[in-house]
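Encoded as structure tokens, the following chain is the form predicted on its own, with no partner shown.
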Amino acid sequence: MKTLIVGGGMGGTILANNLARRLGRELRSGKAQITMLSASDQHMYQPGLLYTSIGRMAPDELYRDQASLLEPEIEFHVDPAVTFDLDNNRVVTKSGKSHGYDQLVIATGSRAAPETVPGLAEHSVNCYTEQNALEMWRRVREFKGGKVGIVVGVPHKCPMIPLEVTFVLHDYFKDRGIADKVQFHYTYPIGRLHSLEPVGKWAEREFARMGIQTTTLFNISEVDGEGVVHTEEGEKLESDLLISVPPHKGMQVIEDNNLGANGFIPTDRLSLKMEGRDNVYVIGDTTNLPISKAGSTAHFEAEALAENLAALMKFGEPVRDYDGKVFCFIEAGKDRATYAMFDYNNPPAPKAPNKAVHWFKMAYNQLYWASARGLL
């Protein structure tokens, strides 16, 4: 059985390693083969960009060589996919090489797309790439006081990032001794402060305690030349420092191959199969599933899919469904955190933030690399 994995992020890496360990005997005998195609030889710890944007994590701490994270039996190529020929079970790469497969897993991820909102890229900062996070850090450390606006586009990856950015910036300015000179205005596109209702209610209490102004039903239409945000609802927001969580799209190669609108592939929520295909699976941000686009989502999807792909070879059929499990830390300041854990049937119930969860989150920043290896 030939398994081809397109994408070397969290989901693809955990899947490849988990599957390799389950199929060790078959890989050694040549009955199984696992190949990964990636656009980069580097693997980035994306949640670390939040800390880079406030000067707490250097950019070089975010990266590891992708090959060093993979089991030795995995065939790894830095050669991005260009053409998905699903009818003939093959993927053609940038170099022109054709890779055949029995099972294909697409884990290409998503990307911030501020350019889809007029003026947003030019007049706001965000922490979704290394360059963006460094620019945000420059703007934040030079900020002397005034109005800080937080605006959110959908969909976006890391569901807690609008809240986390607000919390950590609040404490950052407090530590600098200028909290009394800073006014926060947090906005969200729907009628509550977060897409998950229990998280939104929790955030409402936290923001009220901190004196943070909020506006809901705030959908960005444009940011004008003066940096003023205008909305579909006719609202406007003026600020001296505009922090954005831009709307996201899937990768361009998915759109180019007509696999899904805006780069998100229609996916069965239990089997993780691409709709209409029996041997093509989708995990992580690439799915169109209405669940959080988070690293833990990709992690739990990858574990379920690895178990099923191994079972297909050993037993001839899958053995489990993905249950929608997600676990997200929520940084609630410089030294306090909580978490949200939920699945298709059980909503989250965030607890009061505390130092213990914060330090567990800090430990996970280092344990991430073991997690990518599939060891946690």
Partner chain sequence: MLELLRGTDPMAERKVIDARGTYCPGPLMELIAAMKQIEVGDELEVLSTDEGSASDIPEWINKVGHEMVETTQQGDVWHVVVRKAK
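Numbering follows the first chain given and starts at 1. Predicted model only: the values in this text are computed from it and were never measured.
Below, we refer to the form predicted in complex with the partner chain, which is not included among the displayed structures.
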query: 4.5 Å heavy atom contact, residue 232 to the partner chain in the predicted complex; finding: yes
query: In the predicted complex, residue 194 touching the partner chain (heavy atom, 4.5 Å); finding: yes
query: Residue 211: touches the partner chain in the predicted complex, heavy atom cutoff 4.5 angstroms; finding: no
query: Proximity of residue 335 to the partner chain in the predicted complex, heavy atoms at 4.5 Å; finding: no
query: 123, 170, 99, 156 - the one with a heavy atom within 4.5 Å of the partner chain in the predicted complex; finding: 156
query: Position in contact with the partner chain when the complex is considered in the predicted complex, options 269, 201, 138, 174, heavy atoms within 4.5 Å; finding: 269
query: Partner-proximal stretch of 176 to 184, 130 to 138, 90 to 98, 284 to 292 relative to the partner chain in the predicted complex, 4.5 angstroms, heavy atom; finding: 284 to 292
query: 4.5 Å heavy atom contact with the partner chain in the predicted complex for all of 188, 261 and 345; finding: yes
query: Members of 36 to 53 lying within 4.5 angstroms of the partner chain, judged by heavy atom, in the predicted complex; finding: none
